[in-house]
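A single chain comes next, written as C-alpha cells; it is the form predicted on its own.
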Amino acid sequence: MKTKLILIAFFISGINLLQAQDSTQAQIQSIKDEIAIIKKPVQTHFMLRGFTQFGFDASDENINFNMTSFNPVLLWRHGDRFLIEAELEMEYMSNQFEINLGYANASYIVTKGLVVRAGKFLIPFGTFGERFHPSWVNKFASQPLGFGHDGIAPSGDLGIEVRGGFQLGSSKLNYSLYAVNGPRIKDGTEEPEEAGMLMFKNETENNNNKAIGTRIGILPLSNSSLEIGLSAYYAAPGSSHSPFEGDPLNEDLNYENVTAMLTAVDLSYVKIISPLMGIIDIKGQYSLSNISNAVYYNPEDTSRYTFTNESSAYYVQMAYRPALAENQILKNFEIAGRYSAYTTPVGSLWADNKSQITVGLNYWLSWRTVIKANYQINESSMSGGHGMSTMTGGNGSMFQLHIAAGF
C-alpha cells in the first residue's frame, strides 16, 4: 500500500513539474516575442529633392544673369506614419547671397484623411504659396504681383496644422485648420513709410495672440479636373505696449486692438482637350487683406494720419500644351499668359496700384525641367500720401530667359 502511495505521489509531482516547465517555457517565449517586437527595425528612408532656377533678365534699365533660386528639400520618413521635411531657400541676386529656412516640420499620419503637422510650414492661404511657388511648377519666371514673400498674405509660419481630405460621393473635399504665431503690424518706428503693413516674418512674438486660419477646397467633378478653394486667416498683430513710450507727443498711440482679416478664393482647372490635342491649365487666386483702422505718425511732417487699410492682389493665368501631338518636338512646347494686379491702401505712405501682363513660351526638356521665355509689361501708379512712397515697381517691360528644374 505504501509503495502504491509513493508511486502516485511521484506521478503527481512529475505532472506538476512538467506543467511548471511548460508554463516557464511559455513565459520565456512571450518575453522573447516582446523583445523581438521591440528590436524589430523600423524602416526609415531619406530623400533629397528640391528645385532651382537661373537665367537671364533684360529690362529697360539693365541686363543681368542671375541665380534666382536654389532650394534643396530634405525628406526623412520613419515608418509609415512619421515624416520630417525641410526646405532651404538660397538666392544670389544683386551681388548678394542669402540663405533662409523655407520650412521645417514634422507630420504624423493619423488616418488616411487626417494628418497632424507641427513646425514651420507653408501656409495654405490659397494655393500659389503652398503648391505653385516652386520654380519648375510655376509656369513663369516670376511670381504674380502680391504673391511673393513681400505680398499681402503669409507664406510660412511656425505653428500646428490639421489637414486631410475625404470623398463626397463622386466629389472630393480637402481641408486645413491651423494656428501659427502670426504677423505683427509695422508701427512706423523703424520704417515710417511702411506704417500699417503686416510683417509676416515674425521671428519673435510681440503679444500672446495666435493667428488662426483655414482653407477648404472642393473638387466637384468626378475626374478632379476642377478645384475651388476658400481661405480665411485672422490675426491680432498689435502689442499692448506703445511703440512710442517715452515720447510725450505720441505715447498715446497704441495698436493693441488692431485686427487683421485675410480672405482668398482660388481656382484650378486642368483638363485634356482631345480636339485641341493638348492640355489646358487654368489657375487663379484673389486675396484680400482688411486691417482695422489705426492712427499712425509721420516723422516727415510730424503729423498724424489714418487710412482705410485694405489691400488686394489677384492673378489669373492660362497655359496650353499640345501634349497629344504626334510631333515629338511640338508636344514639348507650352504657351502661357498671366495677368496680375496688386493694390495697396489709398492714403498710406505705401499706396500703389500695380498691374502686370506676362506672356511666355516654355519648352519642357522633361516632366520637371523647363526652359522659360517670358515677356512682361509692368504698370504702376504711385500714390503714397504725405510725400513718401517706397513702392519700387514703376512702369516698364522685361524679357526673361530662365531654366528651372526639379530634382
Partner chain sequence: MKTLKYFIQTAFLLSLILMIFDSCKTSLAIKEKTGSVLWSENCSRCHYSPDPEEYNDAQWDVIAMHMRVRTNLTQEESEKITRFLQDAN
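Positions refer to the first chain, counted from 1. Values in this document were obtained by computation on a predicted structure and should not be read as measured data.
Although it is not shown, the form predicted together with its partner chain is what the next lines describe.
Here the chain stands alone, but in the predicted complex its contact with its partner chain, taken as any heavy atom within 4.5 Å, falls in 124-132 among 244-252, 124-132, 192-200, 144-152. Taking non-hydrogen atoms only, Tyr233 never approaches its partner chain to within 4.5 angstroms in the predicted complex. The closest non-hydrogen atom of Lys283 lies within 4.5 Å of its partner chain in the predicted complex. Though the partner is left out of this view, Met47 does reach within 4.5 Å of its partner chain in the predicted complex, counting heavy atoms only. Contact check for Thr214: no non-hydrogen atom falls within 4.5 Å of its partner chain in the predicted complex. This chain is displayed alone, yet in the predicted complex one of Ala336, Ala260, Ala294, Leu288 has a heavy atom within 4.5 Å of its partner chain; that residue is Leu288. Of the candidates Met90, Val137, Met277, Ala118, Val137 is the one whose heavy atoms come within 4.5 Å of its partner chain in the predicted complex; the others do not.
Contact check at 4.5 Å (heavy atoms) against its partner chain in the predicted complex: none of Asn71, Leu101 and Ala104 pass. The partner is not shown here, but in the predicted complex the stretch 213-234 reaches within 4.5 angstroms of its partner chain through a heavy atom at Leu219, Pro220, Leu221, Ser222, Asn223, Ser224, Leu226, Glu227, Ile228.
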